[in-house]
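Quick setup: one chain, the form predicted on its own, written in structure tokens, and binding and motion questions come after.
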């Protein structure tokens, strides 16, 4: 495939057009969101270009300490995946340079390695998109970015979709084109690192001395990296997928895949997961149920963040929810909690407290509990706006998969009815779907879940 044809791939956005610099010494992959060497379309494009141009390929990863709401918990998880990146890239004859703040400048690195073209991965979040726009302005060579963390390229969906029922037919029509196996292609020309070019070791603690929030502790039971992600996927496919339809809304059973942190950090790709599920020996209904959540719902979340600039604010709400909240703006809230009480799980609701503690202690919360958790924040906050802000802050601060389209879409669904429909009118909630302690607790063994989290809390003391 020639370069002109490759640039027309719907996964690729040409940020800075032009022909690759013929005097360039390499193809540079600017690795950010897709932190892996397997099932990485951005890396694949870089390797394909390198082979077409007859040049080596080098990946550049440069973590920085100023991601909004990111803290030591998140950076430790990220760092634990870097050795797998280096090992995987080496197997593909791709070089790897790790640098960190304040030596993180992409443009300065380009001056040192003289690339013919730069390939990046995409990220729909506001700050990350700004970095890509800025890079396109500053670079002297072409810049392409590749949609590497969805199955169907987001640009093909064209607009923000109202809900699963509108995005599902579009995704299903495109899946045969994109849900296909990919080949692991090696760079034909290995990259030889110049002696004068410095790089941190993949095993270094790059956060030492960083000005970052260290108040949220790393989680001992979670370790990043593609190898750990593949182990978790294998366990789920072999032992959890079969009963997924009936067990997925049972937090006390903990039989979901729990792979969302690895997806968030890009340690595993969506095609890897989808193909593993398709090849499993589980019943077809179980596979279909999981892929509905994993592809339709997840890519609906990415679509929401890509096309709605208010994704982390209550202003993303639909007109029906806006009108409904306006009718109930003066409703009295019988119970109000401040942010500290919520963060410390000091409410009257034992189920909500358990969910909050699970997130704080483990960096993860069961999806069913996330819905209940967010809706109660709406009920106990002074306003819709403050409830949304609190949910985003807590989610992004403690969840390993925080600061992610899935999290923002989940909060929007729970608090302002995004991707949902109007329900029966009630105080405070208006027509936004309601969940109560009594009704939620009857749908699974809530006492067992609360007891499990209590045991976990005592173990941490």
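These figures come from a predicted structure and were not determined experimentally. Positions refer to the first chain, counted from 1.
There is another form of the same protein, the form predicted in complex with a small molecule; it is not shown, and what comes next is about it.
Visitor: Taking any heavy atom pair closer than or equal to 4.5 Å as contact, tell me whether residue 168 reaches the small molecule in the predicted bound form.
Guide: Because no heavy atom of residue 168 falls inside 4.5 Å of the small molecule in the predicted bound form, the answer is no.
Visitor: Within 4.5 Å, heavy atoms only: does residue 306 come near the small molecule in the predicted bound form?
Guide: No - in the predicted bound form, heavy atoms of residue 306 and the small molecule never come within 4.5 Å of each other.
Visitor: Hey, in the predicted bound form, is residue 411 touching the small molecule, heavy atoms inside 4.5 Å?
Guide: Residue 411: contacts the small molecule in the predicted bound form.
Visitor: Would you classify residue 73 as touching the small molecule in the predicted bound form, given a 4.5 Å non-hydrogen atom cut-off?
Guide: So residue 73 does not count as contacting the small molecule.
Visitor: Kindly confirm or deny that 293, 301 and 371 each have some heavy atom within 4.5 angstroms of the small molecule in the predicted bound form.
Guide: Heavy-atom distance to the small molecule in the predicted bound form: all three under 4.5 Å.
Visitor: Based on heavy atom distances of 4.5 Å or less, which listed stretch (371-379, 82-90, 170-178, 120-128) is in contact with the small molecule in the predicted bound form?
Guide: The contacting stretch is 371-379.
Visitor: Considering non-hydrogen atoms and a 4.5 Å limit, which listed residue (365, 152, 384, 342) is close to the small molecule in the predicted bound form?
Guide: Residue within 4.5 Å of the partner: 365.
Visitor: Which residue among 358, 256, 324, 145 has a heavy atom within 4.5 angstroms of the small molecule in the predicted bound form?
Guide: Looking at 358, 256, 324, 145 one by one, just 256 meets the 4.5 Å heavy-atom criterion.
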